[in-house]
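The chain that follows stands alone, in the form predicted alone, written as structure tokens.
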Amino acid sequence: MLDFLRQEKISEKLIAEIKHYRNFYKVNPDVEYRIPTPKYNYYGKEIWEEAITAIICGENLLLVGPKASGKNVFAENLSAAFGRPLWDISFHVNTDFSSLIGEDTFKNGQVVLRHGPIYECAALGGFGVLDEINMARNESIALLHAVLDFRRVIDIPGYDRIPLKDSTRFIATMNYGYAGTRELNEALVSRFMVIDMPTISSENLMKLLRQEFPNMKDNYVEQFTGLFKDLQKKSENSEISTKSVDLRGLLSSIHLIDRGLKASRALEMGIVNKSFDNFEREIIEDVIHLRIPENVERSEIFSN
């Protein structure tokens, strides 16, 4: 990851700070398996430098942005860059204290606390990704206040007061406008440094495609990038919904094409069929056919 950061021209001073962080905060061997090896790299120099600086200063992060802005990819990249074990904590309307911190259970004839992901992350100095934090009820995540502010403790009734390891950081993600989401209360937001994640630029999307598909011909790198941006623009103009503006779907479709599936069928599975409105599907198909010919062969897209 550090070589990648140098390629992205991240400040050498910040890279040196990351190396110091890695050397100073040792990882418990029992959880080394949790240090991620990212499938995708996040491209964006300014966002990287903002996040690295905040983490070094002991801050927690809230990544806010639209669909396909790479929030979870970036959170995983940060964990890998700092060499920290990662806990993914998905929030929903039924998220409560026990699902985050832990609950009573029997072990060897005694009642003990079965540790939840927040507890483990805090006690072992990991990075906790609080995914879609605005899907949980405010009252259920109020318990995070003491975890995220200057106190940095978990006070568990009937058990103990657990201080967070100095290396522990929490990275929350959220989208606006999804079904089931709600506004975060001010008290919670004030405990984060907030990064507004931009949608991926054409230049960075081409970098991603070249990394993922090194044998793709340059003209099709440009066409698939243009296809994604065309769909994005249609969505911004309210001509289609955001359902088909799906970067994961695009990458998966290209993988299917690389394996020999006809391009039109692969893109139908990965992009077109994400919409369930017939009129919208026709618009999406028209956008695709302007960029990717319906009968294009794999050999025209890939060099070998």
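As the structure is a prediction and not an experimental result, all values here were calculated from the model. Numbers follow the displayed sequence, beginning with 1.
Just so it is clear, the following notes concern the form predicted together with a small molecule, a form of the same protein that is not shown.
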#### Entry: Option touching the small molecule, based on a heavy atom within 4.5 Å in the predicted complex, out of Q232, S140, N175, Q223
N175
### Summary
Exactly one of L208, A146, L184, L86 comes within 4.5 Å of the small molecule in the predicted complex through a heavy atom, and that residue is L208
### Task
Determine which one of 87 to 95, 160 to 168, 117 to 125, 200 to 208 lies within 4.5 Å of the small molecule in the predicted complex, judging by heavy atom distances; exactly one does.
200 to 208
### Any non-hydrogen atom of N41 within 4.5 angstroms of the small molecule in the predicted complex
yes
### Query
Heavy atoms within 4.5 Å of the small molecule in the predicted complex: does S99 have any?
no
### Message
Using a 4.5 angstroms cut-off on non-hydrogen atoms, would N60 count as touching the small molecule in the predicted complex?
### Response
no
### Query
Is L251 one of the residues lying within 4.5 Å of the small molecule in the predicted complex, judged by heavy atom distances?
yes
